[in-house]
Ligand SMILES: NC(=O)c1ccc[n+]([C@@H]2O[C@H](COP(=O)([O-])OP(=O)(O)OC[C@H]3O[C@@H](n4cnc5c(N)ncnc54)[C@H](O)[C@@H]3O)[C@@H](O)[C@H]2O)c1
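Take a look at this one chain, the form predicted alone, written out in structure tokens.
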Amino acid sequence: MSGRLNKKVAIVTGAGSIGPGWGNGKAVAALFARQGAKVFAVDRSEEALAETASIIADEGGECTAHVADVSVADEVEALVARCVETYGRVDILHNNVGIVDDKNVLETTEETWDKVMSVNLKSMFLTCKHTIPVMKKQGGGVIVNVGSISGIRWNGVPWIAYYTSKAGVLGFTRAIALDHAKDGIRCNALLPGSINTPLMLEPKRQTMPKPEFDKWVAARDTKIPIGRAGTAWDVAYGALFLASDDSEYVTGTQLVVDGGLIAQMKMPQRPAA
């Protein structure tokens, strides 16, 4: 395969999907492979990873699947070492892992707070800590950190830990970009809005009668200027731009992928569950 990432080696975390369909990481892994990258796909679920790797292989791409929890230091160190052992380098690090908790500050437990911070923010710290030395040695690389519009806007629901972790991604991204610009390393954040992924849709689908679920989806779509929620492929193409040489003069910033949602004067309330 040849394309915008031809001969690049890309680590993609969260490359599986928690349910049927396309999650953001799964779509990114597949698109990167279609564009010529050798993908080192990471996820906690061996089954989900196997599906992603199979899709890439069936399309003629190259993928190595690696099961790991990216919030655990030893496992991150091991996955980066295996990627280098397998492919000799790391050109792209795509940090995609994230979880949500729907509580306000009074309802959030310390345990939940620590878990969200560990998965959403500490994981990026660990992957960068172990990947950047490889990139420095080889003369450069690209890091894409998946944040959220919730890092810069309140979205109408009480996600205190999630908001805080995603705001942290922005400061972390700027620091990485400026600390390592002279090393030839670019780092940017990708901020999705309302995206139809299994992570977002399946909990609703499983708890709502179908007519109610369809009504909820339609109501959410009407709040977005473009008229629809995004797909994992909308996110993946944003990631492709930031990971490719097309954005070689872009670093320390964020790309919003939200159909115009936060360009509005006021963020709309989400439809009631």
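Numbering starts at 1 and follows the sequence shown. Fair warning: this is a prediction, and the values are worked out from it, not measured in the lab.
Just so it is clear, the following notes concern the form predicted in complex with the named molecule, a form of the same protein that is not shown.
Comment: 40 to 48 is the region of 241 to 249, 211 to 219, 55 to 63, 40 to 48 lying near the named molecule in the model of the complex, near meaning a non-hydrogen atom within 4.5 Å. The named molecule in the model of the complex is not approached by residue 224, whose heavy atoms all lie more than 4.5 angstroms from it.
Contact check for residue 80: every heavy atom lies farther than 4.5 Å from the named molecule in the model of the complex. Shown alone here, residue 96 lies within 4.5 Å of the named molecule in the model of the complex, counting heavy atoms only.
By the criterion of a heavy atom within 4.5 Å, residue 108 is excluded from the residues contacting the named molecule in the model of the complex. Shown without its partner, this chain lists 84, 132, 199, 177 as candidates; in the model of the complex, only 199 has a non-hydrogen atom within 4.5 angstroms of the named molecule.
When the named molecule is considered in the model of the complex, only one residue from 121, 90, 195, 187 comes within 4.5 Å through any heavy atom, namely 195. Of all the residues from 12 to 46, those having a non-hydrogen atom no more than 4.5 Å from the named molecule in the model of the complex are 14, 16, 17, 18, 23, 24, 25, 43, 44, 45.
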